[in-house]
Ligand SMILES: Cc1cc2nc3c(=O)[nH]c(=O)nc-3n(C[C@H](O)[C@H](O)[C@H](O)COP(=O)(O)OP(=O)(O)OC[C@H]3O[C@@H](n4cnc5c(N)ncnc54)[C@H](O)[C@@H]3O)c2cc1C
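First, one chain by itself: the form predicted alone, in structure tokens.
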């Protein structure tokens, strides 16, 4: 930053300042970069973390990362876990095979260390022309009193041994800086919740046993918990949970050792399992905390800065990445002038209930897993096998674990037309297979159903003479006027007559009617899909004018067609 002799200080501007370059911040930066938005991403650390930290990448996260063009790279460096078994000492409580439970291109949990996930995201951001400003720390934050005012931040850079300050003026700042968020602290936003009484520890080790390396194994006994997460190269992440009165005996400074973890394994498992070659050992406490508001004026919180919880279920990093996907396209539309700033309120409306549900769910499962009382244990060990053996329960539980069951059906920015009918999907639902292509824009699908459609031989262009009578369909006109924010695709049940081959790129034939059936569109209709793979609008063919009105209310586009 330059400070002139008269005390005037240069101020640098950007649309979005992202604080924190973990998976959440990197994902948000990628989503903004894909859309050409002015942003900066800073992190106080000199280098990315070298530790594995979060491990499991869920199906819904992989679907979204596919849209950002990083899923395949990540999958190549991870290990696919296709099932799980949970036991209370010798009694099997649940056995589940994942691929049969969800419709997704990724019917598994991908085990990949967080440091690898971060590097894949960094490489993608670099390919988009972005970079992380490291050794750059947020030290001051001020939001103006006026509505829609900018945020002024002072950041401190390390340049050798010198510390340089810079002032940044941003339309919005997003705190992706973890459980001890500086953005949250400087903004005075409470982080309400509690610490769990149990203590936890982890170890990345090699294990000598004969269990299926493609399955996750959990063992419970007398209030202790042990979970084994398979990794590449025949290694495992082992997580243990211990009752409050458990005393770490092998070290005076209360750090964890391999012997401490082995002692808990000996309590939980009915067989002897030996660990070796540890590359990371850590003890940690678990907090269940969440902010009340994900948005405070021009300040947003995402990931661990907004919510932290028990590691049971492996939801933390995944939820943060999905926070970023939800917020990214909304910030972009507002920055580009295609949507009103009120669209950003839907980030809290949609993601806060997910965080609340996450805290409730992980708290319940942690209590069930670590209870030490004989009556709850007896009930758990009796009821769990009965419930878990039912396919419908398995599907429901894996939809929670994989996060493919997340829906925004109560969101203020989704709608069903009056022509909606069963078996159509609901507004706010995740679309089949989690997305439609890799476009950063919305996608409008027109399902012709049983109605004959003779499409135009080529997509219309803006160069068409608007003073001439327009005999094109209303849908075709929408495709022209809204092409910068909506991609339009027409799906026909059969190949149309009276048209030349090949068909235009925006017209497709669903010869086996598979797509019509998956969207519940046997009789035809409209589906407007958001960039994050959820349904914004859905209705029948009779809802054409209602759809047009919805789009006009949702986006800032010229009203004339």
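Model, not experiment: these values are computed from the prediction. Residue numbers count along the first chain shown, from 1.
Quick note: we don't show the form predicted together with the named molecule, though the next part is all about it.
For the three residues 16, 152 and 171, a heavy atom within 4.5 Å of the named molecule turns up in the predicted complex in no case. Taking non-hydrogen atoms only, residue 509 never approaches the named molecule to within 4.5 angstroms in the predicted complex. In the predicted complex, at least one heavy atom of residue 280 sits within 4.5 Å of the named molecule. Interface residue remark: residue 45 is counted as part of the site for the named molecule in the predicted complex, having a heavy atom within 4.5 Å. Contact annotation for residue 237: at least one heavy atom lies within 4.5 Å of the named molecule in the predicted complex.
Only one segment in the set 85-93, 314-322, 99-107, 327-335 has any non-hydrogen atom within 4.5 angstroms of the named molecule in the predicted complex, and it is 314-322. Checked against the named molecule in the predicted complex, the candidates 341, 137, 212, 266 yield a single residue with a heavy atom inside 4.5 Å, and that residue is 137. Residues from 163-193 that approach the named molecule in the predicted complex with a non-hydrogen atom closer than or equal to 4.5 Å are 176, 177, 178, 182, in the order they occur in the chain.
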